[in-house]
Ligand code: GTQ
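The chain below stands alone and is given as structure tokens, in the form predicted on its own.
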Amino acid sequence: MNDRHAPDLAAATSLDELYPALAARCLTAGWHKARPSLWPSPRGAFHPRHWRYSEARLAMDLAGEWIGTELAERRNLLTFNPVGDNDYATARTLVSAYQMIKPDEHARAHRHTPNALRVVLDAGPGLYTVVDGARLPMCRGDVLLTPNWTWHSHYNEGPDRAYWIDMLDVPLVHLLEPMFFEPHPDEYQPTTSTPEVSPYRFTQAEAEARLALLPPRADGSRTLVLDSQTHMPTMELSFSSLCAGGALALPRSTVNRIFAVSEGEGRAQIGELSFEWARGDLFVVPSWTACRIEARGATLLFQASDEPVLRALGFHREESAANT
């Protein structure tokens, strides 16, 4: 063998002398790894976490006195999971944020490869979003989609401040790296249509009516999966209704989930974390974490998860009741 380019390798007389020569070439021996690369079950870095709408709303109201949409691309508060040096992602593949827009403000138009959606918490008349030229009203309880590479902007022409939750698959795009972002060249996106019905808008009233037609589970809860994956294939979006005293229990699975409370209040146990929740709150259920959500009164929960990605790649697993 020609060792002209690797005299240090050729000179090695033991494994201890071989390892540094390998490391200098960005090679490592599989039997001598610094840490394991395989383990018997998921051990995710992300933790259960809860964020209060009341706190986020107060903070956004304060920030609204000091920063406008002309300076901030979006006036929002990211709900990051404090693990390692992460200061962005809520779960491994998903991020959520609270956003506020004041009267007579607009959030300028842009587009990007990540998919995004809005869950409207509080809004008066005159709030709307424009998606690829289509003007869509944003009313309390609405869920609105802005799929991959669609132009989108938000307007508040009413007298009241508006608040909503954003959920995006940006962390997944970060992992896979197909990130593209483009501001609209004219800042304002022109409105070309005002549809009465749009596949990008789901109203709370419609969701509640459809939930009422579904058979309840044994605990009385019902779940409606929205018809959204044609437009946003990386996320499953759903509403769940719980009656007073009811509960929604989810076994451990490889799915990452973010919940937003559309209506109601109660208590949750996510892994080792217990907390009280109320309308507008957010909480995250990371991969392989059991979850039990208990409602004190009639409750409506919105959920976004990465389940379609895991199913498409063959990575979806769920702990059976026999193993819980």
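Residue numbers run from 1 along the displayed sequence. As the structure is a prediction and not an experimental result, all values here were calculated from the model.
Below, we refer to the form predicted in complex with the ligand, which is not included among the displayed structures.
Exercise. So which stretch, 222 to 230, 243 to 251, 105 to 113, 202 to 210, is the one near the ligand in the model of the complex (non-hydrogen atoms, 4.5 Å)?
Worked result: Correct option: 105 to 113.
For this session: State the residue from Arg74, His174, Arg161, His184 whose non-hydrogen atoms include one within 4.5 Å of the ligand in the model of the complex.
Result: In short, Arg74.
Problem set entry | Ala123, Ala89, Ala97, Leu144 - the one with a heavy atom within 4.5 Å of the ligand in the model of the complex | If I apply the 4.5 Å criterion carefully, the residue I get is Ala97.
Problem set entry | Partner proximity in the model of the complex: Asp132 to the ligand, non-hydrogen atom cutoff 4.5 Å | Residue-level check for Asp132: no, no contact with the ligand.
For this session: Classify Leu127 as contacting or not contacting the ligand in the model of the complex by the rule of any non-hydrogen atom within 4.5 angstroms, answering yes or no.
Result: Because no heavy atom of Leu127 falls inside 4.5 Å of the ligand in the model of the complex, the answer is no.
Exercise. According to a 4.5 angstroms non-hydrogen atom cut-off, is Leu168 in contact with the ligand in the model of the complex?
Worked result: Within the cut-off, so yes.
Exercise. Though the partner is not shown here, which residues of 136 to 159 have a heavy atom within 4.5 Å of the ligand in the model of the complex?
Worked result: Read in sequence order, the residues that approach the ligand (within 4.5 Å, in the model of the complex) are His152, His154.
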